[in-house]
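Below you'll find only one chain, the form predicted on its own, shown as structure tokens.
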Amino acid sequence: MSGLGTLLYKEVLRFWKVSFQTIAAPVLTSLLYLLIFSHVLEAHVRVYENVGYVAFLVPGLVIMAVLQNAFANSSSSLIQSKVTGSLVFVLLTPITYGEFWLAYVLAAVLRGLAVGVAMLLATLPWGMPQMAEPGWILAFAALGGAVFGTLGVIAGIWADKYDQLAAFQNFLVLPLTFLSGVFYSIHSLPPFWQVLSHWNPVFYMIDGFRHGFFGISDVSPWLGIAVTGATFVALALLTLAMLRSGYKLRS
């Protein structure tokens, strides 16, 4: 098995062995959001015509779970390896910087997709979700997971201890995801906040993912995939530069 394949297998096995924590727990958290918001707002909010609020909310919660768990997978693996000192055994192997990054990102995407599929299955009691254009669903889930998996690698390299990683997540990842249209359409916001939302790349991931379900979105899915792709390329180049320089890894 190649170095990439071995590291990828190790990372997938790492989250799969504790799937109750890494897959079931995030699904339960998302279901709690769904239960609370559907009970409070279903009769009072309708974002799209012929689309109930619960139906609107489910895709947002699914893609939010995909993104957050992709980030959690790569970032937690790296910080755990740094704190325990086991990362040196990975760095000593004959593996390129690109393979190192790709293994962590692919494992992060797989965990994100596993959580997303589990979340969709768990929402079946609320009704079978409509899937107007499944290609967009898969594209935004995979590419969005890759973006957040790469962001997780950056956070894992940058952080020296768990509280620094928690700060990265609480002050960057959570605001980006919660303020991106998961629970609402940006057209319900005042003009200033609508403009500001368009500067949040996560908005395009969530809006494009939701377009795959209903064929309706706030912006064109082609624009969304372009912004998501550009974000991925920028973060990937930054990550590879950090790995090449040995930033916080060789000291």
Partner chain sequence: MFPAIRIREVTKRYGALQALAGIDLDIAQGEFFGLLGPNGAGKTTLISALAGLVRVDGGSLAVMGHDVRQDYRAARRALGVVPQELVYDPFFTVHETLRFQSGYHGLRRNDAWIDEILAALGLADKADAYLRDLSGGMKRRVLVAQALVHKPPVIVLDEPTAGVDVELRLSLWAFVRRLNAEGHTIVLTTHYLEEAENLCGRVAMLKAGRIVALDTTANLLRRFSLHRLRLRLAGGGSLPDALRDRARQEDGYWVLPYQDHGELEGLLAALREAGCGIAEFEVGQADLEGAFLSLMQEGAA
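Positions refer to the first chain, counted from 1. All figures in this text were calculated on a predicted structure; none of them were measured in a lab.
What comes next is about the form predicted together with its partner chain, which is not displayed.
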item	value
Full three-residue contact with its partner chain in the predicted complex, heavy atom 4.5 Å, for 20, 24 and 175	no
is_contact(residue 13, its partner chain) in the predicted complex, heavy atom dist at most 4.5 Å	yes
Contact of residue 128 with its partner chain in the predicted complex (heavy atom, 4.5 Å)	no
Interface membership of residue 90, its partner chain in the predicted complex, 4.5 Å heavy atom rule	yes
Partner contact for residue 164 in the predicted complex: its partner chain, 4.5 angstroms, heavy atom	no
Contact stretch among 137-145, 93-101, 152-160, 119-127 - heavy atom within 4.5 Å of its partner chain in the predicted complex	93-101
Residues in 231-248 with any heavy atom within 4.5 Å of its partner chain in the predicted complex	244, 245, 246
